[in-house]
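Consider the single chain below, provided in structure tokens and representing the form predicted alone.
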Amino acid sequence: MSVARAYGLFEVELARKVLLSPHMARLTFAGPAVRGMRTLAADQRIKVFFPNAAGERPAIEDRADWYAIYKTQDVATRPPMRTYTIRHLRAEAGEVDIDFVLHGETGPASRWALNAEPGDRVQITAPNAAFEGEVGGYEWKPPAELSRVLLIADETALPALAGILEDLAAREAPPATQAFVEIPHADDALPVATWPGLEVEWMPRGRDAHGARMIEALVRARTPVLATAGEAVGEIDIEAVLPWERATGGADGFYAWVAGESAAVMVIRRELVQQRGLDRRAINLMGYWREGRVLD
């Protein structure tokens, strides 16, 4: 008897495309296979495969060792793969929404999203509904006792952050929350869930460096005050790997989720853990991308 794998490969086609802001579009993908997809958290990560440079549709074989095979293929001809967040999943309807940051024709994903038409096909790897165990691929795991939340993100993490706000708003007693979101332009601010204890600050970047506004948000971020500095944090070679530190719990009802450009995340990591002495067990720090590099 075959055992269901944690992740499946899903054949989908574009059903709809809606421009949410000048730099963000929501693409709805559909297909019978989506009925077998699931998501476990607001920041559930998935992989999307796009047509290659020759315009050939992705044709990854649905097998356990697909990634090992993929890595052996010629980079010039294999389908580009990028990481995204499930924004909404309507499995019973066979539809999944993925929000794309639009940054022109500078990369295969943004280029495809800008030019795609209904009926265009891609492949997605996502959690398999037939698998009943833990599949991972997400970091938003706040403790039950939650009194204060800090969220810092750029536009690449905005889909996940928006889902997190919806998750918090649905609680019987939503916690006091500060959310700082760096966006390309003021017009890129989006409607999000709200409650009396939520403060959302949209921070247009303009022509400044990516991550600059994320770092500046630290001045206004209210965090627990400790008497002594925290532990020293080691360096991470962000030119080779994406920095990624998962919260495992923490104490005192505080929980943080930080995601965006890797260099900015590293500065925030040093400030929160080393300078402010916060319990790193309560802090998610994730480099979603590194400016000037492609790190999958």
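Being a predicted model, the structure only gives us computed values, none of them experimental. We number the residues from 1 along the sequence you see.
Below: the form predicted in complex with a small molecule, not depicted.
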{"query": "Exercise: Q178 in contact with the small molecule in the model of the complex, heavy atom 4.5 Å", "finding": "no"}
{"query": "Any non-hydrogen atom of G136 within 4.5 angstroms of the small molecule in the model of the complex", "finding": "no"}
{"query": "Proximity of A109 to the small molecule in the model of the complex, heavy atoms at 4.5 Å", "finding": "yes"}
{"query": "Partner contact for Y84 in the model of the complex: the small molecule, 4.5 angstroms, heavy atom", "finding": "yes"}
{"query": "Stretch from 56 to 64, 31 to 39, 263 to 271, 241 to 249 whose residues place a heavy atom within 4.5 Å of the small molecule in the model of the complex", "finding": "241 to 249"}
